[in-house]
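The chain that follows stands alone, in the form predicted on its own, written as structure tokens.
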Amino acid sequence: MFDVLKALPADPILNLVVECKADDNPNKVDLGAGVYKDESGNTPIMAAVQAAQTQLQQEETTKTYVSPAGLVGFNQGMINLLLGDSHPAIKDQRVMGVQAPGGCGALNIAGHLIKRCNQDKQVPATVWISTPTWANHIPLLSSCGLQLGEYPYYDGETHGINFDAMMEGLQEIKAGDVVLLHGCCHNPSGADLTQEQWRTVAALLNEKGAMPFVDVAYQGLGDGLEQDAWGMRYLAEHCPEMIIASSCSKNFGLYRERVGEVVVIAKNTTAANISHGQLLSIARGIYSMPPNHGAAVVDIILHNPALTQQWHTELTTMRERIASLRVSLVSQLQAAGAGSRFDYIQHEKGMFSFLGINPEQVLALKQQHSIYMVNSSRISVAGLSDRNMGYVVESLMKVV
């Protein structure tokens, strides 16, 4: 049977991690992996998470299954975190959420829900995705059998959003289509919409009769938990329907625990309840029950005021560190003779930015200096540190 299968190329990002680990250069730098790192290069367990795990271990009395919906406290806590406790959609009882195995699981469940909504339509919906976007968006959603389209977003020449081109591209959307938007800290560009641009996008979606689908994996790592949710909350208030896929990997540091949430905002309570039932059916057919540990940790943190405050403090430290690394990188590149070429990096948000160098230069950095990044020149800013910054700057200047 297996003789008919063809070998597939290695995942370009995951393969970088393998290559970097095998590299024996003591000066090697991994700027490819999308994980937060501290000054020593470790991805630490947050103190709030440690405390919640201790509490969970003391209080947990069973390892039996949770329901397909996941933990009730986690689901409600995540909805409040994403939308705010007093959001009109919550008050109107139009919001339902389901725990998912990571942000990837949330995206996949949402994709299957969109597919079910279109199974009887002669012209199925197109899901529109930004160019560029996170590498796994297209595989995750296409595996659900969805028709995908692309709209312009980032301009590599100006190192920012080409909003005019974005809006022109979105003129192609039709009623019933779905537009995937990054809630904050756009991956891979780090270039985020302004509040005025969010308003313009919402107006266009309503005019076209299309639905927003927001992927938010970095809430709290851009400008703050509340600020990073502004666009998503505006859409939820002004668009009749919406889907949100959320991850706890980055802002809680729960990468390996696979903790995510998919949220549906419907036109009314009846439609929300029906959608919830469909989400449970989809989850049951894919993995049956979600994992418990990570979601239980988040549940404890979000419902314990002291741990919530501790988490906020730690998240602020992470966010401010990433922002300071951006400023330091630009400052040292300017001092090394780069002029204003890389100044845009200090104004972007979250963990990622493009360096704007070509694949040959990316390869030279890897082969000659053991500095690893994807071919698009996207770097994870969190992979930088005071310890390796000078080496990265010196190496980058040599290849450019």
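Quick note: we count residues from 1 along the sequence shown, nothing fancier. Small disclaimer: the values here were computed from a predicted structure and weren't measured.
From this point on, the text means the form predicted in complex with a small molecule, which you will not see here.
Interface membership of Tyr153, defined by any non-hydrogen atom within 4.5 Å of the small molecule in the predicted bound form, is ruled out. The small molecule in the predicted bound form is not approached by Trp128, whose heavy atoms all lie more than 4.5 angstroms from it.
Although the partner is absent from this view, Trp311 stays clear of the small molecule in the predicted bound form, with no non-hydrogen atom inside 4.5 angstroms.
Within this chain, Gly102 lines the site of the small molecule in the predicted bound form, having a heavy atom no more than 4.5 Å away.
Residue His137 is the only one of His159, Lys115, His137, His87 with a heavy atom lying within 4.5 Å of the small molecule in the predicted bound form.
Between the options Phe213, Tyr218, Phe74, Phe252, the residue in contact with the small molecule in the predicted bound form by a heavy atom within 4.5 angstroms is Tyr218. The stretch among 204 to 212, 241 to 249, 292 to 300, 166 to 174 whose residues place heavy atoms within 4.5 Å of the small molecule in the predicted bound form is 241 to 249.
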